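A single chain comes next, written as structure tokens; it is the form predicted alone.
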Amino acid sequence: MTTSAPIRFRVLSLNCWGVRYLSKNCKERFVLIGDLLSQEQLDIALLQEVWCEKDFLFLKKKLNSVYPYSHYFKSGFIGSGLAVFSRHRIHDAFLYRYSLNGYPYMAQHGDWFGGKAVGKVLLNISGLSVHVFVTHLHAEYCREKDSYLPHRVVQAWELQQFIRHTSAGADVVILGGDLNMHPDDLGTRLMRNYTGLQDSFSETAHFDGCEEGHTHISENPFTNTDGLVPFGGGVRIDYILFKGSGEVDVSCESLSTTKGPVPGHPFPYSDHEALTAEFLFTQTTKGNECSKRQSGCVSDKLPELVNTVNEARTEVKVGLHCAERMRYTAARTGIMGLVLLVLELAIAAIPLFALGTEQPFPKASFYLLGALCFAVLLSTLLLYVFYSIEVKALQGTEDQMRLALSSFQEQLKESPKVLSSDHLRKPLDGKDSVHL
């Protein structure tokens, strides 16, 4: 039984590609993005890749009359790039930075310097507690040889953990952002199956936008089209996900994307297309299938969830093996550098103990070799520290997944109706497997 009138709620998500001095037409595009937000009459806008705080302050000043409340999430060396603009008062905000986010020596990719994270803001809409999340996960640079896949899986795992543990009392949960994952990718399935979040593209009653909801298209002049050829010229990696609670039904009434260049201009808003979703919040006494504000609608999907977590755990173990191997290589190289440095110091000490003996090597070459040995020792030490941090993060995630699988085992024992070995893949190992 409905207890009050439905509430309409409009959300926009856009990766702005705001890398100053590197992104094309950056300044002009932020002016157009501000115009877009003003025209759309949104309740909240979720922006990613607003790397420069000056661009956020520009938008804040431009949009102050329309969106009086805003928040910029700061993280990492150059920031998280996450920003929120809202018509409604932001009662609380929090940021969680992902434990793994690429490699510092891969400077051409830049993800490590950005401090990728998930930001959360808390809104009160006509008495409803609405928890809104915005995030940006690590990019996928090569799908065939994706060395960042374990990091992105860890990020997806931490994202779903963060959402579940911080939104237990929410009436409505909304997540928007650039996940850098296709709809059927492991990280996407892990997050959706675990949290119960629904995809607005799949659930919308009306869609208007690019084919198949693509948000990264070859027609975009800012896009590297080579990577999109295998996918027919477009991929869907930006999302607006949602779910209700036992007291509120949430439905997606419409979803739209921008379509290439801005009208009247030769370039688009960004290298990604913007997503705009309109939701309808209906307060009921019955609610959705997930009653009593459950943390996720997973009770009827346990076999599928076990498969997904097992698959994710496999990827994490692969990443852990690679990280341990790289740490060993760094340690071995560092020891070699240390031995050479000690040997050179011993050679330098010869004149001190043998009076009159001249230095056996030219001084310039001697000092250059010493500097090189010291640089190797220092760099390998830093790499060893970095890889040790990566190993511990991967080990921690793998331990959490093992505990989750153990919990699912107990739930499966208590729910005979979902016990079907035909739906479960072969477990990872005998010790930590889920026996049915």
Partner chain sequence: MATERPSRLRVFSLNCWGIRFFSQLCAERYEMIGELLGREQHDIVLLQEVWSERDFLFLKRKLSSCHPHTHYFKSGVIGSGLAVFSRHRIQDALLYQYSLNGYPYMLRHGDWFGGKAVGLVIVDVSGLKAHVYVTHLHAEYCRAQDQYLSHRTVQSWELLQFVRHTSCGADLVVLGGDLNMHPQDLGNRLLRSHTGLRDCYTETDTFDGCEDGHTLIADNHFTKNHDLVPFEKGIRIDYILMKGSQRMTVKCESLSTTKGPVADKPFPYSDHEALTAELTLLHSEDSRQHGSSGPLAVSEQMDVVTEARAVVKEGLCQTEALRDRAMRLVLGALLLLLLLLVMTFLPCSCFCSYSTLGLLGAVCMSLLLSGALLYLLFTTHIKVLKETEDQMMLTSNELQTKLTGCRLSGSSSFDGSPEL
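Residue numbers count along the first chain shown, from 1. Since we're looking at a predicted model, the values are computed, not measured.
Same protein, other form: the form predicted in complex with its partner chain, not shown, and the subject of what follows.
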**Request:** Report the residue, out of F85, F73, F279, F242, that has at least one non-hydrogen atom within 4.5 angstroms of its partner chain in the model of the complex.
**Result:** F73
**Message:** Just to be sure I understand the contacts: of T329, S147, T166, T225, which is the one whose heavy atoms reach within 4.5 angstroms of its partner chain in the model of the complex?
**Reply:** T166
**Prompt:** Going by a heavy atom distance of 4.5 Å, is F207 a contact of its partner chain in the model of the complex?
**Reply:** no
**Request:** Decide whether K120 counts as a contact residue for its partner chain in the model of the complex under a heavy atom distance cut-off of 4.5 Å.
**Result:** yes
**Item:** Heavy atom of A93 within 4.5 Å of its partner chain in the model of the complex
**Value:** yes
**Asked** Does P68 make contact with its partner chain in the model of the complex, using a 4.5 Å heavy atom cut-off?
**Response** no
**Asked** Exactly one stretch in 198-206, 251-259, 306-314, 157-165 has heavy atoms within 4.5 Å of its partner chain in the model of the complex; which is it?
**Response** 157-165
**Message:** Under the 4.5 Å heavy atom criterion, name the residues of 391-406 that approach its partner chain in the model of the complex, in sequence order.
**Reply:** K392, Q395, G396, D399, Q400, L403
